[in-house]
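A single chain comes next, written as structure tokens; it is the form predicted alone.
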Amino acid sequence: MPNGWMSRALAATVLVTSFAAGEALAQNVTYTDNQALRGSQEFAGACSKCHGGGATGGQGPALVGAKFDQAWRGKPAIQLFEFISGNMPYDDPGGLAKDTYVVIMAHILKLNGIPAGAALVVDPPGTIPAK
């Protein structure tokens, strides 16, 4: 096969791979209603002492409304997951199971009006939708 053909094939492969990766990030992050329900229970035990029962703030910042919008909207969902799982709870950073962080994140997403859909996973793909 001519060298030019190989170069074009390689370039096409890179383009398709880049498009697929970009498409995954372009999708909005989702969670299931069951995850959000379980997350509300986990949030009550692990997060509400600092962030308040409705996540409106207390000793810790609000996790809903303008604070959430400014900090997280339009950003990759994995950034929020990594922040929560690496820094929370304040008195035991990273001390919860990964699945617990997943459901707590689902609860926070629901509180911020992000619609349910497919299950949220550890290291979630997609972005947190802009308003």
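No experiment lies behind these values; they were computed from the predicted model shown. Numbering starts at 1 and runs along the sequence shown.
Although not depicted, the form predicted together with a small molecule is the subject of the following passage.
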Contact test in the predicted complex: C47 vs the small molecule, heavy atoms, 4.5 Å: yes
Do H51 and the small molecule come within 4.5 Å of each other in the predicted complex, heavy atoms counted? yes
Taking heavy atoms and a 4.5 Å cut-off, does A71 contact the small molecule in the predicted complex? yes
Is D91 close to the small molecule in the predicted complex, meaning a heavy atom pair under 4.5 Å apart or at it? yes
